[in-house]
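Single chain ahead, by itself, as structure tokens, in the form predicted alone.
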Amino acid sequence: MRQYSTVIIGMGRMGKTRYQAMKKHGGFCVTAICDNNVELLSNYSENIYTDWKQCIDIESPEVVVVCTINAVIPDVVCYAIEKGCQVFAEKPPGKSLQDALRMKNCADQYKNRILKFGFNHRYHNSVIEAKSLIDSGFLGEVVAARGVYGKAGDLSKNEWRNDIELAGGGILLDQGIHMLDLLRYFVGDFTEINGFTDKLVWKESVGEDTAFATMKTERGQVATLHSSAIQWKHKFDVDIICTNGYIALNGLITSTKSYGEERITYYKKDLEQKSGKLGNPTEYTLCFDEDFSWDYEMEEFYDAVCGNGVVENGTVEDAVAVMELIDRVYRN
């Protein structure tokens, strides 16, 4: 396996997660890690830096993985691309639509560079199964979907995610972006969006603790979103309504294990009551107890870097599209 020299910029929780996934994959030789918090760099054998430009300049890596705070992401991404690196960047793609467009414009100038964004929810087993069902046409066409993604966020904490200048937004940009991306993935491109954000509990916070949105595609398909930092019991639910059936995703395997068991249930339309009860068709359920999303995501990135594949998920076009939706909700 060809190994690519790699540096990771930002060694917080996501930097460590990507570090472990790259080590496990085997196709990335991590030569250096970087963070402005020296405490996060202890117990590593790689070269360490506190200045990301210096890290890239001195190491001259083939691959740069960007896991910094939102405000810094576009600077690192564009600099790395201009230096000839292939880039994997965490979500969100910056703190605003302008940031996402800036990175897209940079990537467009260097067609031989790979730029992939980390939307790992697309690689969860339940999501993969749901997408396969949709694409097969077994349940007909998708006509509507609704997604609820909520956690117990402490917006009183003195951390960068609660600083609007560093984060760019509240729960919608931080976590709701994953659900928006999945709704686009399942339903299609939304041409209309109406929504609003609010501070229902954390009145003194700078970012929203709640967001609601209703979206519509050019074909008339509809989707709704509820993103929440005041869902005191963590929750992940997606309902996908098709012309001939229905798919439900409930729970999500995460590092915290707080979203419950990950499962997908689907039903075939049964108006002739073959099951014996109208509105209660036979259900088929698959449950999962392991999360391979980080591994699948890194495998796709590696294949794209070595020329054996392309970036299919987390493209720069995906990043811009979802940031356009968020921008329109914030402006409303």
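Between two forms, the rigid core is defined as the largest C-alpha subset superposing within 1.5 Å. Since the structure is predicted, the reported quantities are computational estimates derived from the model, not experimental observations. Note that residue numbering follows the sequence shown and begins at 1.
Quick note: we don't show the form predicted together with a small molecule, though the next part is all about it.
**Student:** If contact means any heavy atom within 4.5 Å, which of 260 to 268, 57 to 65, 303 to 311, 27 to 35 contacts the small molecule in the predicted complex?
**Tutor:** So the stretch in question is 27 to 35.
**Student:** For the spot marked by 189, 216 and 328, is every residue within 4.5 Å of the small molecule in the predicted complex through some heavy atom?
**Tutor:** No, none of 189, 216 and 328 comes within 4.5 Å of the small molecule in the predicted complex.
**Student:** Quick one: of 209, 174, 99, 181, which gets a non-hydrogen atom within 4.5 angstroms of the small molecule in the predicted complex?
**Tutor:** Of the listed residues, the single hit is 174.
**Student:** Which one of 228, 86, 120, 205 is close to the small molecule in the predicted complex, taking close to mean a heavy atom within 4.5 Å?
**Tutor:** Looking at 228, 86, 120, 205 one by one, just 120 meets the 4.5 Å heavy-atom criterion.
**Student:** Is there any non-hydrogen atom of residue 14 lying within 4.5 Å of the small molecule in the predicted complex?
**Tutor:** Yes, residue 14 sits close enough to the small molecule in the predicted complex that at least one of its heavy atoms falls within 4.5 Å.
**Student:** Residue 322 versus the small molecule, in the predicted complex: is there a non-hydrogen atom within 4.5 Å?
**Tutor:** No, residue 322 sits far enough from the small molecule in the predicted complex that none of its heavy atoms falls within 4.5 Å.
**Student:** Is residue 72 close enough to touch the small molecule in the predicted complex, meaning at least one heavy atom pair within 4.5 Å?
**Tutor:** Answer yes; at least one heavy atom of residue 72 falls within 4.5 Å of the small molecule in the predicted complex.
**Student:** So, in the predicted complex, is residue 160 in contact with the small molecule at a 4.5 angstroms heavy atom limit?
**Tutor:** Output for residue 160 is yes: heavy atoms within 4.5 Å of the small molecule.
**Student:** Using the rigid core as the reference frame, would you say residue 158 shifts its C-alpha by 2 Å or more between this form and the one not shown?
**Tutor:** Yes, the C-alpha moves 2 Å or more.
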